[in-house]
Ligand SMILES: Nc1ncnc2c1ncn2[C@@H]1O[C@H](COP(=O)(O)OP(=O)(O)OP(=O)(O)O)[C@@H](O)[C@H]1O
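Take a look at this one chain, the form predicted alone, written out in structure tokens.
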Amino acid sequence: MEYFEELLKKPSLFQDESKLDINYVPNKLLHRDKELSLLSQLFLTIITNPNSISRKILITGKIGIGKTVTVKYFGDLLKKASKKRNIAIKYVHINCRKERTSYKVLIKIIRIINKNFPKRGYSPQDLLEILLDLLNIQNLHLLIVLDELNYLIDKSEDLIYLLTRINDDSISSQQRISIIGIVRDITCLNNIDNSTMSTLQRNIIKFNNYSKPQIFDILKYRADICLKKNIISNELIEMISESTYNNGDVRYGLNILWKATKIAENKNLKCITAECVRLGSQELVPFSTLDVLKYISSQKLVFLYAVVKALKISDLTEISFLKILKRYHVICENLGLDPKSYSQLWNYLQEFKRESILHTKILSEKIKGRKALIQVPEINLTNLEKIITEILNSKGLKI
């Protein structure tokens, strides 16, 4: 059957579906004027007196409250202002969850400046010196955004130290590199040395959660630019705003809006109904969780699968760590995998807790893990199991 031809005959409710994508940076950024103003003040000297100063900024705040999109929006403003004045400034955005080592971060930065640069054969220190040479040759100032910076810090990487102290040894008389680090929780700085912490703590911008009216404004604006007229009512946007406010992640609301529109299209409706919104929200796993699942190792994902299966089989809201271990060993045996050590699995558990995928309740501090109860309170287990299974299958592990 001509599936595409049949679908193309149906009228779409979207005018531009891409404007609901989580990576889309809108032309108008709502309710982050204060943060954009502060960033502009801090980086003004880079335009008025190029390469005279190196800025190190730390941005902190919860998931899904506009940190990344605000910094990308600011990066575009900085590029336009510098281009207008013939000042060479380049903006580079690195997601440290994807590029988890100093080497990978530096290689990505260099290859953005010089796409023909080889991917292998250098140490991180070599790459840093090569990067500085490139910036000097091109008379370029580089703004490096290290998004989800905690993934580098957790690995005790020295890149943060090297970048923040890059001019200490007079490697370059020009201040060629500025840094914006983005983290959810400032406590991750506890794992770095005191001098680096002191440098990063000089300029901290704290992003507060959006209020419910602000979430409504954001969802209303996105609906206006991505959907055709009269497709969704303000009452339904308020309904989505309520769920989004409770979840705390604006991307969750954008995904509900997209799902509800798709459901309405599949039902051949001329507009979105409350039932479409309800069905759309039932199918969702938060974007923040999907981001985590896509980039973690197979072994760690197998352990999370064991947590989900153990909870589903028990039909309980929470389950002991020891029962999860038993389920995990059965799954590893079925897959032909060597199970990870007890301590490694306990570390996995703490990492999932930090990612807000699951919660733990410690009933006894004396015996590590033996009296821990684990629950997955905010994500539908069936949906989570389906997504984990799909990712593991794509990695060659057939569950």
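The first residue of the sequence shown is number 1, and the count goes up from there. All values reported here derive from a predicted model rather than from experimental measurement.
One more form of this protein, predicted together with the ligand, exists but is not displayed; see below.
Which one, 319-327, 76-84, 133-141, 250-258, holds residues whose non-hydrogen atoms are within 4.5 Å of the ligand in the predicted bound form?
-> In short, 250-258.
Is R222 one of the residues lying within 4.5 Å of the ligand in the predicted bound form, judged by heavy atom distances?
-> Taking the distances in the predicted bound form, the answer for R222 is yes, it comes within 4.5 Å of the ligand.
Proximity of I218 to the ligand in the predicted bound form, heavy atoms at 4.5 Å = Although the ligand is absent here, I218 would touch it in the predicted bound form, with heavy atoms inside 4.5 Å.
Can any non-hydrogen atom of L13 be found within 4.5 angstroms of the ligand in the predicted bound form?
-> No.
Would F303 sit within 4.5 Å of the ligand in the predicted bound form, counting heavy atoms only?
-> No, no contact at 4.5 Å.
Taking the ligand in the predicted bound form as the reference, which of L30, L358, I47, A372 has a non-hydrogen atom within 4.5 Å?
-> Only one listed residue qualifies here, and that residue is L30.
Single option in L349, C332, I63, L42 placed near the ligand in the predicted bound form, where near means a heavy atom within 4.5 Å | By the 4.5 Å criterion, the partner-contacting residue is I63.
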